[in-house]
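Below you'll find only one chain, the form predicted on its own, shown as structure tokens.
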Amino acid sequence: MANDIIVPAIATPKPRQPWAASPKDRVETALLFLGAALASFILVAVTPLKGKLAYVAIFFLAFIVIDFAFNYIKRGSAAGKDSIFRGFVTAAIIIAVMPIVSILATVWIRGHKGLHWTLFTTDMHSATYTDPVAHGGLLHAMLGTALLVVFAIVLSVPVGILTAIYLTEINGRFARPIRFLVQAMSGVPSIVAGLFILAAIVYPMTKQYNGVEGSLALAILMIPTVARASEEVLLLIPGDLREAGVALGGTQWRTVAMVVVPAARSGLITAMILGVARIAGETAPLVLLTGGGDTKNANMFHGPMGSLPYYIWKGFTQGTPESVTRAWAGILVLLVLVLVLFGLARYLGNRKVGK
């Protein structure tokens, strides 16, 4: 209408989030860190406490005390108590992250010295672990690890997924003891699996070391991981999908095979990758069962077979600077492989079930 009055919109300032830090807060936090660092330096200098661990421990304690005093004086007792809790939580997070960062840094610093192109194109057939690092490589170990893992996947993934299907879809009278056994097997040391194959197959039957026996031990270790992860994935599938499959006339197994498993495909792949990452660095069973050959061997049923864990173990047992450098290079390659597998599992796990 003509008499309507148009009131211009007034832009209201965006409210500041309670957790957003202002420039003044950042300056105060920086000063608190500086004060804690200075206190730790002084206390380590005047007390018998020495070493990096002493610096870190005193720094955290000093920061918590200084932060508490600052917030108590400036904002009151409630803010002071909150600062104590915040300080301990921050310390716990840093303590949890520090070993990971330290491991990654140490492996890179010591392992990259042994990297060279021939490391991935040759084996140790014409070289020894005490030779210069440029001679010989770990091609045989990478081939052996790939074959061992693939054979373990063939053995363990069907068993693990079928076990998870029984526990979630059938849930029969044996579900509770099977679930208990799966959980118990998750904590079995890897050396036990190796000794079991050694006592049950190698000594009484084959009388030789080969890749199949190593894969059997790895499969024993992989089955619980695949079964537990697959069970959690299958439990995420909505029950409406099962009911819809049955309503369309499908039997239980047909519904599971045609509806439930395809819907959980990405999660089951993630479970398999987690299982592979679980066994990729296992050393004890391979030392006992594979024989640890130094040349390429693609025959899983005959002859010793090398692997990355065995290559690393053998390099450290030699004890020379060259062999230790080789071992660190093998650790770096193995660590990169495991990180890639975990990253792939993380990517697949973040996808929606059924996509």
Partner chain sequence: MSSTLIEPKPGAYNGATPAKREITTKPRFSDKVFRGVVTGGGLSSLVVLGLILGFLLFEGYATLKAQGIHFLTGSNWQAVQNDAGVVDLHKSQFGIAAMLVGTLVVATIAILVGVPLSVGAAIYLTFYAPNAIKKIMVTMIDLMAAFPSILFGLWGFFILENSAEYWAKLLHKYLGFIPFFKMEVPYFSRSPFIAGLVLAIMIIPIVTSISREIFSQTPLDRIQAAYALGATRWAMIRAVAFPYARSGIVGGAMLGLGRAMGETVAVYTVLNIVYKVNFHVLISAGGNVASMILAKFGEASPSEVKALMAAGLVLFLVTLLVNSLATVIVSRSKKGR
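Predicted model only: the values in this text are computed from it and were never measured. Numbering follows the first chain given and starts at 1.
Below, we turn to the form predicted together with the partner chain, even though it does not appear here.
The partner chain in the predicted complex comes within 4.5 Å of a heavy atom belonging to Leu335. Contact between Gly239 and the partner chain in the predicted complex is not found at the 4.5 Å heavy atom cutoff.
Proximity of Arg176 to the partner chain in the predicted complex: non-hydrogen atoms within 4.5 Å are present.
Heavy atoms of Met185 reach within 4.5 Å of the partner chain in the predicted complex, making it an interface residue. When the partner chain is considered in the predicted complex, only one residue from Thr122, Asn71, Ser266, Ser190 comes within 4.5 Å through any heavy atom, namely Ser190.
This chain lacks the partner; the member of Leu235, Val154, Leu162, Met258 within 4.5 angstroms of the partner chain in the predicted complex by a non-hydrogen atom is Leu162.
From the list 126-134, 176-184, 146-154, 113-121, the contact stretch for the partner chain in the predicted complex under a 4.5 Å heavy atom rule is 176-184. In the predicted complex, the residues of 320-342 lying within 4.5 Å of the partner chain by at least one heavy atom are, in order, Val324, Ala327, Trp328, Ile331, Leu334, Leu335, Val338, Leu339, Phe342.
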